[in-house]
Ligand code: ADP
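Presented as structure tokens, the chain that follows is alone, the form predicted alone.
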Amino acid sequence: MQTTSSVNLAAVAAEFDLRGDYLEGEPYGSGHINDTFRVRVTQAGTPVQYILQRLNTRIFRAPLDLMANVARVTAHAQARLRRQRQNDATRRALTLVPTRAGEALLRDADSGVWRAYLFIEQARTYDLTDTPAKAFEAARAFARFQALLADLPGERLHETIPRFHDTPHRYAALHEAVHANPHDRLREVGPELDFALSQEAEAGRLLNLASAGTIPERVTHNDTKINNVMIDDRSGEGVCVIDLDTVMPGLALYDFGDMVRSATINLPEDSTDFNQVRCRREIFEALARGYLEAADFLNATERAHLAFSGRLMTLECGVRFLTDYLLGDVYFKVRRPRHNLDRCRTQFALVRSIIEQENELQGFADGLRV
């Protein structure tokens, strides 16, 4: 994460229509990809907070397309909320703050790409789901988000990261990394590679269903970690879905599956205590209840693959961590040697736990049908 010493936040803030005098700024959040800062300005004597983000253009190579998606999605979500007579629409959907020139993004003197949002007050994110209540609220928030965008008009959204949740494509990248072995790390990952290859036959199941027309393409978030939902400090309600960089065409099961991956694990994703990793059934059940309460748009085939989607998205994430480790840690931020390998091992341990419980988990979800 960037520090305030490496970027002039006051100068960046001055280029956005914050309508106040800059006070201070600091790094904010725990994201792996973009650099995020919370800044404070004073508006007529009252301190007001905003979010400034510098996009990682090494990952998001078409920032204009990305911001076109974000602008369409946020505007449509807020319009839907207002039609539903929500009096706090700017708290339940992100609000972009334009530059002083009226643009959605800013390019600084160093070719950095920036954007600004209203800060969601009296709410926070959590990196680890410690209660079923948090899981329920986050899942319901993501389902509501999908529902808000179910009637998004106009052309298909841009794919900000093409083939992002194309699991066979992720496996192809792994095979390439194994063949190249640019940092001579292959000898360290034998058990992990063996496990990944043992699961490869299932990699294309959801895409095959989509190709057959059995499950539809939808507008999806595609990165539904628990820390991408703001949880209200007082009520505990999931009020706002954030981090919209990967909102694009996708499958609803990608979103539910990634919730299972990020929320049901009982330890941090980079834990080294791999033998203790498990999928917490009580959290899965809370996710299923919250999601299905608001996801009335799902068809029968989508519902029948809820547990499998958790297995697949966890497997895919482990494959991505393994690939990045072999390539020299070029995608995910790392803070120690073998950080991505530890993440991979944790994900694969969770896959094993989901497989052990998959019939029971899906049986619970089936029982929620109305």
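As the structure is a computational prediction, the values presented were derived from the model and not from experiment. Don't overthink the numbering: it's just position in the shown sequence, from 1.
As for the form predicted in complex with adenosine-5'-diphosphate, it is not shown, yet the points below apply to it.
Taking the partner as it appears in the predicted bound form, which of 77-85, 291-299, 100-108, 220-228 has residues with heavy atoms within 4.5 Å of adenosine-5'-diphosphate? Result for this chain: 220-228.
Contact with adenosine-5'-diphosphate in the predicted bound form for A133, defined as at least one heavy atom pair within 4.5 Å: yes or no? Because no heavy atom of A133 falls inside 4.5 Å of adenosine-5'-diphosphate in the predicted bound form, the answer is no.
Please run the contact check for F119 against adenosine-5'-diphosphate in the predicted bound form: heavy atoms, 4.5 angstroms, yes or no? Taking the distances in the predicted bound form, the answer for F119 is yes, it comes within 4.5 Å of adenosine-5'-diphosphate.
Quick one: is P63 in contact with adenosine-5'-diphosphate in the predicted bound form, heavy atoms, 4.5 Å cut-off? No, P63 is distant from the partner.
Contact between T36 and adenosine-5'-diphosphate in the predicted bound form at 4.5 Å, heavy atoms? Flag for T36 set to yes.
May I ask you to choose, among L209, L94, V239, L149, the residue with a heavy atom within 4.5 Å of adenosine-5'-diphosphate in the predicted bound form? Result of the distance check: L94.
Scan L341, V41, V334, I51 and let me know which has any heavy atom within 4.5 Å of adenosine-5'-diphosphate in the predicted bound form. Flagged contact: I51.
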